[in-house]
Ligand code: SAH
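Take a look at this one chain, the form predicted on its own, written out in structure tokens.
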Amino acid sequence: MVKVILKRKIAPRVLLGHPWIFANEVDRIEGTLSGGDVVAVYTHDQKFVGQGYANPRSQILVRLLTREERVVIDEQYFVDRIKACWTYRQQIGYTENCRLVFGEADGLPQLIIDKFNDYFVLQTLALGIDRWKPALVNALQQLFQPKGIYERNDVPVRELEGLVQQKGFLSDPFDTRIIIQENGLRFHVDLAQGQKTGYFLDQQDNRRAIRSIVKGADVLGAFTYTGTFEIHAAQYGARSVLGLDISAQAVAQANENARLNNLQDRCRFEVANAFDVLKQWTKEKKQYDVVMLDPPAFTKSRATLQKAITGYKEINLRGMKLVRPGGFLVSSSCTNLVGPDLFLEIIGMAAKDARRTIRQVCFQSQSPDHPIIPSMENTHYLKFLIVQVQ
């Protein structure tokens, strides 16, 4: 096995459990390294660190799989790891629809597997894990006997690893338009054309958190995608629900979801640029009992972080101004670089500029089938906040 020897001075995070080893932390490589190979990593004084897959084309040279020296990385290894992931989800009560594998948080860097009942969607976002794709498919077949497996590797991050973007069937073909159940509601999911893997499973607990605040309320939702928060609001007793999204395809599916749950009389969706609408309706002094904001990530780069902060402040300021006194703002952020403390600070700045007083009702993260590892900041990406606006 190729040996990767680290420099004398490396970031403490490596020895504290973080699986990423950057190229500038490596002193030398002993042996001939081909991209995707499993390598053994040692400190400068030859102490074993771990085994992982390597890619000399990536800034992250090695992504560690295990800290055990005698473990063999083979097909059975991935069967055992996925089985362990499934056991964890069963223990915490996430079985029908869940993120089965959450990359680094599950010890399988850059691997995402989402489970939609009997269907699975897979993403292999690094060269090392992409090489094991046949083994991963075999593991899913062995453990679950699924009705279908689909690949959603149509993401730009793969190109940083020298991989092409692609999507398609990893099992016999099937109808990728399925219906799932969540919190007693039914939703259309398009595994082939929907965003990410087709559906945002990470908000399933947060969608229940609005149950009490929406009863009898007039609700506005912005950046609704396929309408899951808004349909939950209607189911939980909202008087009226309006959802806005810039995507005509998403709005069409959201209205289908409303009809699927017989909530179309109280819940409707319109195509609109939420940024423009929030600004215009603020000028018109429109108001709602509950305003829900769930925008896409505003940045993936530290170079544009300040722009993202400005964007979050602006939409939350507009959202607060649209809330009747005593009503509620529901706000989410999936931008990894905006941590929980910074997000709360942004909300505070928005309240100050809006001249509104807020009090926190709840502040949550993603559902625990997307586990958070304290030493890995990138695993704690979702912020979900409900505040009362006075």
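Residue indices: 1-based, along the sequence shown. Keep in mind the model is a prediction, meaning the values are calculated, not measured.
Although not depicted, the form predicted together with the ligand is the subject of the following passage.
So, a 4.5 angstroms cut-off on heavy atom distances: do all three of Phe200, Ile246 and Ala272 pass it with respect to the ligand in the predicted bound form?
The answer is yes; Phe200, Ile246 and Ala272 each reach the ligand.
Which of these stretches, 112-120, 159-167, 135-143, 272-280, has heavy atoms within 4.5 Å of the ligand in the predicted bound form?
In short, 272-280.
Which of these residues, Gly311, Gly194, Pro295, Gly107, gets a heavy atom within 4.5 Å of the ligand in the predicted bound form?
Going through each option in turn, the one that passes is Pro295.
Under a 4.5 Å heavy atom criterion, is Asn257 part of the interface with the ligand in the predicted bound form?
The answer is no: Asn257 has no heavy atom within 4.5 Å of the ligand.
Determine whether any heavy atom of Arg318 comes within 4.5 Å of a heavy atom of the ligand in the predicted bound form, and answer yes or no.
Answer no; every heavy atom of Arg318 is more than 4.5 Å from the ligand in the predicted bound form.
In the predicted bound form, is there a heavy atom of the ligand that lies within 4.5 Å of any heavy atom of Arg99, even though the partner is absent here?
Heavy-atom contact with the ligand at 4.5 Å: absent for Arg99.
Does Arg152 reach the ligand in the predicted bound form, with heavy atoms at most 4.5 Å apart?
Flag for Arg152 set to no.
Give, in sequence order, every residue of 188-226 that has a heavy atom within 4.5 Å of the ligand in the predicted bound form, or say none if there are no such residues.
The stretch touches the partner through Gln195, Phe200, Gln203, Arg207, Phe223, Thr224, Tyr225.
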